[in-house]
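Given next, in structure tokens, is a single chain: the form predicted on its own.
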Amino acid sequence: MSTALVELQGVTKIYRLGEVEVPALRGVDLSVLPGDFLALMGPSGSGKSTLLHVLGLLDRPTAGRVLWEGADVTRLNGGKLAELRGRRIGFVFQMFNLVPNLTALENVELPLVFLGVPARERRRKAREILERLGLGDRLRHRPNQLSGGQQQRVALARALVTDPALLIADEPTGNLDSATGREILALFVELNGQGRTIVLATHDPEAAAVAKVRLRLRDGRITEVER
């Protein structure tokens, strides 16, 4: 049996707003195996984004455990968690989150800067992955000179440049027209076919349909698993 890449055991997440407790996750168990492609579905407030944040080590559970390749990382200090995220997890967001005054090439280089990769090597890696995603003629363009689909490709290149074990995408087609969204989804399918492990959250049934497994959340619980 394959060791899970990331596993949640009885994960609960409660946000405190003053004296009010707001439960976002309620005892979630989930294993993500190498090569999986999971789609998280559910209405707003169901816990999708919180679940992504816990899987991506951006947020700690209030209770329960998070295992990364079998090792309990629930209580790792912030620095060690950040290092693990930086080396092993790539993120793609609905709003692209590109740095506006940097070129496409410089945006993709950023994660490698934080990892201390020498300038020549990081430039080579960033250029290579942008060319692979069809943006070889847009290396020197800034985000405001790119279409929404091109910006999302730059964001995807930035997520992939560290060769992460896990790719996490939060509504990656939410700001795109339907044709461009389908192009981005095709890239995710291609990446998964190459062995990349992907977890995405989406409201869009068309986006969820490309995943191998669809998980439906409601009120912080996984209520349905469809393969």
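Residue indices: 1-based, along the sequence shown. What you see is a predicted model; the values in this text were computed from it and never measured.
Another form exists, predicted together with adenosine-5'-diphosphate; not displayed. Remarks below refer to it.
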query	finding
Site check 58, 85 and 93: each within 4.5 Å of adenosine-5'-diphosphate in the model of the complex by heavy atom	no
Residue contact check: residue 48 to adenosine-5'-diphosphate in the model of the complex, 4.5 Å heavy atom	yes
Interface membership of residue 24, adenosine-5'-diphosphate in the model of the complex, 4.5 Å heavy atom rule	yes
4.5 angstroms heavy atom contact with adenosine-5'-diphosphate in the model of the complex for residue 193	no
4.5 angstroms heavy atom contact with adenosine-5'-diphosphate in the model of the complex for residue 70	no
Segment that reaches adenosine-5'-diphosphate in the model of the complex - one of 172-180, 156-164, 49-57, 28-36, heavy atoms within 4.5 Å	49-57
